[in-house]
Every structure is written in C-alpha cells, then in structure tokens.
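Here we start with a single chain on its own, the form predicted alone, put down as structure tokens.
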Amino acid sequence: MAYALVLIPVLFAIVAAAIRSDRVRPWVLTAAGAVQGLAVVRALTMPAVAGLEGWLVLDGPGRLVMGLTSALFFACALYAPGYLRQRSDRPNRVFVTCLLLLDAMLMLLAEAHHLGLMWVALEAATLSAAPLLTFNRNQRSLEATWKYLLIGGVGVALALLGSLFLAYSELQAELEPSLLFGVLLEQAPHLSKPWLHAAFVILFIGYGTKMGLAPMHTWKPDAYGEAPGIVGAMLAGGVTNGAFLAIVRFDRICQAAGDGKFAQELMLVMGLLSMGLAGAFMARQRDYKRMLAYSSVEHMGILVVGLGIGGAGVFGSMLHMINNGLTKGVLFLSAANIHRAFGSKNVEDVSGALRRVPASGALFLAGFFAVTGSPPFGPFLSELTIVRAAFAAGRYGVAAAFLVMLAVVFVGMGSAVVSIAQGSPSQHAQSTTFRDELGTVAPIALCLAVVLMLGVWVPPPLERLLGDVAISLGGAR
C-alpha cells in the first residue's frame, strides 16, 4: 500500500501524457482522484503502512497531510474538466501530467520518514508545479515561475544545509549517523545541542520558505496571482502543508531532545510576524488572487503559532491545517470562476459577482467568512482552540496580538470581497461567455460543506487522530 499511494498518480500521469485528445485528457484527473481517494481511505484505516525498510512510514501527521491532499486533489480533479473546457485555447497535456506528478510527490512527502527522501519529494513537487504556473503563457506568468523557482531553490538549499547540520550533530555526539526520523528521535537526547539548534534554525528557514512564511514569502503573491485556480489551490492546500509537515517532524526531534522551548519561541516570533505582515499588505491589495496569497501567508503563520504555543494549541494547529487547506480550495476555485466571468483580477474591474455568477459569487463570499475565522465555519473552531491554548499557557500577549491581527485581516480582506460580491457587473462582464455550471460549482460547494461541518462537528475518528498527533508532538487534546 505504501508504494501504491505514490504509484497510482504516476501511472495516471503516464496515461495522460499518452492521450492525444485535449478533451478526453482532463477526465484522467477525475479518474485518478477517485482511485487515489479510495486507496487513501484504505490506507488511513490500516493500523500500519510502511515500506523501503523504514524510509516510508505513514504516521499520524503524515495521515493528516495525505488525507487533506487527497481530498483537495479530488475536488480539483472534479473541477478540472469544466475549467479546461473553458481554456480550450491552451493545450493541456503538460498541465494534466504535471498536476498528477505534483500529487504523486505530495503523497511521497506525506510518507517519507527519511530526511533525505523528504527533501527530494518536496523539491520534486516544486519542479512538478513550475510548468503549471506557466499555463497562461504570458510575461507575468513566466516571471512568477522564475521567482518561484529561484526563491524556492534558496529554501531547498537551506533545507539541505540544515539536514547536514542535523547529521553532523549525530557525529559530534559520537553516534551512528542516520537520517531516518525514527532513529533521530531515539538519539535526540544525545545529539549535540549547538549543532541541533543551528540545524533547526536553518531547516525552519528553508522549509519556512516553501511554506511561504514571512519574510521568506515573496514568491507567493506572484505565483498565486498568476497560477490557474486549480494550481493555486494545490499550492496553498498541498505544497505548503507538506513543508509544514517537515517543520512538524523537526520540532518533534527538538521536543525529544529536551529543546522544545527553543523551537517554540522561534515559531511564535515567525508566526506572528507572518500574520502581521499579511494583514498589512492585504489591506492595500487590489488584485484578489494576490490577496489570497497574503491570506495563505497569514494562515501559515497561524499554523506555526499554534505549534509554538504547545498544549491544546498543537491540536488547534493540526485541525487548522485541514480547515485552511479546504477553505483555500473554496477560495481559489471560486476566484477562478469569477476571473473567467469578468476577465480581470483587479478589484476595480470586478463588481456584482453575486449577479453575474451567483453560485461562484456566493461561494467566494462564504469562503471569505470561513477563511477569516467567522462562525460556524471550521477555521473559527481551530483558531479559537489556539487562542484558548495561549490563554491557558499564560501567553496573554501572544493571544492579544493574534486576535488583533485576525481583526486587521478581516477588515482588510472584507473591503475587497464585499466590493467584488456586491454592485452591478459591467457591460464587458455581461458579454463574456462564462456561466456557472455544475462541474465548476459542485466541487467548490463540496469543500465548503466539509469546512462547515468541521465548524460544528469533528468526526470522532478524525478527532482521535488529531488528539494522538497532538500528544505525540508534546501537545494535548
């Protein structure tokens, strides 16, 4: 099963590359999403999934990331045929093939229990996503792709350097060097502390760049702003969470070494910085797809803040990872529909979305309330859990700053979203051919329904898994 989870999207990618028809090829994504979804459900119900002599292990955090990635990919796969039919002016062989390869690498990343294999999987995911960013074939998309590769390459290089530092901490302690996470956890209490600290800082910066934490976030506005909605959803809900998984694993090593406080303080500072910077830039952003990029910067900050607080904050962080990933699917896919209907990403050119594309406009508006932590949506529950954990830990300053930044983001993002949703559409918008269809609306509604459900009821199996993961990371249920 460990191998099948990765091989399924790879095999479908080969099939997609071999198919000649641009009309038929998008349905390969739908088939791949369904088959992979069944395989992931099967894997999540199995007590143990492992392979390659411990290099592949599906542990608790990996199960959460894999389940989220599979669900988000399935929604995008349902959306893809309708979207690519609207983009019939563009050949989609490379797009479909690379999207499947990106999914395969994210599956591998969730299973990777070897530091080097995890690094390779994340870099392969980055390279698979690069051709997807160039789908529009214009100067801005090419510029965004180069920035994505350049800044991401710096992050990956730092991650590799941090990995070497972590291995050297074993040598300094006269231990048998190993890059398997299980061995690193066993040896953690004996690792050289100075080298371990240096390794965590460099690894955090390296993988934090892939997450898009401030100030290493500069690739996000361009990449998310120019990427098709499907790609934006997979980047914001898949690749960034894969990088967060890497940070979670290194934090666990620090916890096992007795240096959890060192890691937590760094994460709190960087998390609050990300939230604050995102709020400042979002208030003045007039490109609504770039606005979603800054929303991602904010929510990556929320994830590491929850992890840094500890206790129940870890539970809240893991739950928020799921809520945010699915909410980003709602926002990016509905934004893609609005973009097609109005032919512009500029807030000044888009008004009356609720009249022009009622379903997409309503879903985009609901996604805004969800992503800003409004009840009864899932992000409200996870953010509330993090705030309560901060108060319980006596971190009143952190809780206050957290709440203030959430309010700033709500006001800044709300002004743009209300302007898009209300008003009357222009004559140019009314003349475009795009209309809401079942295939381009139902997958978004499905994501929103799950986000709404998670705000009022967390299924017991998911709650138990979240609790077990939180305890394994030194937190609490």
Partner chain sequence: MSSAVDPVLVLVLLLNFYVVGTSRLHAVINGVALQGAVLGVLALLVHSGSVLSVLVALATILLKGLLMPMMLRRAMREASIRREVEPFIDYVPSLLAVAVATGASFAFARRLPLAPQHVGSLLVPASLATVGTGFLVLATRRKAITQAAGYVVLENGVFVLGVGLLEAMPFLVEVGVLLDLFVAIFVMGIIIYQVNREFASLDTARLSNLKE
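The structure presented is a predicted model; accordingly, all values stated were derived computationally and were not measured. Numbering follows the first chain given and starts at 1.
Omitted here: the form predicted together with the partner chain. The next part is about that form.
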In the model of the complex, is there a heavy atom of the partner chain that lies within 4.5 Å of any heavy atom of residue 198, even though the partner is absent here?
yes
Please run the contact check for residue 192 against the partner chain in the model of the complex: heavy atoms, 4.5 angstroms, yes or no?
yes
4.5 Å heavy atom contact, residue 351 and the partner chain in the model of the complex:
no
Taking heavy atoms and a 4.5 Å cut-off, does residue 294 contact the partner chain in the model of the complex?
yes
So, 144, 160 and 167: all three within 4.5 Å of the partner chain in the model of the complex by heavy atoms, or not?
yes
Interface residue in the model of the complex among 266, 84, 179, 98, criterion: non-hydrogen atom within 4.5 angstroms of the partner chain
179
Listed residue that, although the partner chain is not shown, lies within 4.5 Å of it in the model of the complex (heavy atoms), from 74, 281, 288, 250
281
Based on heavy atom distances of at most 4.5 Å to the partner chain in the model of the complex, which listed stretch, 306 to 314, 151 to 159, 240 to 248, 382 to 390, is the contact stretch?
151 to 159
Which of the residues spanning 117 to 132 lie within 4.5 Å of the partner chain in the model of the complex, based on heavy atoms?
117, 119, 120, 123, 126, 127
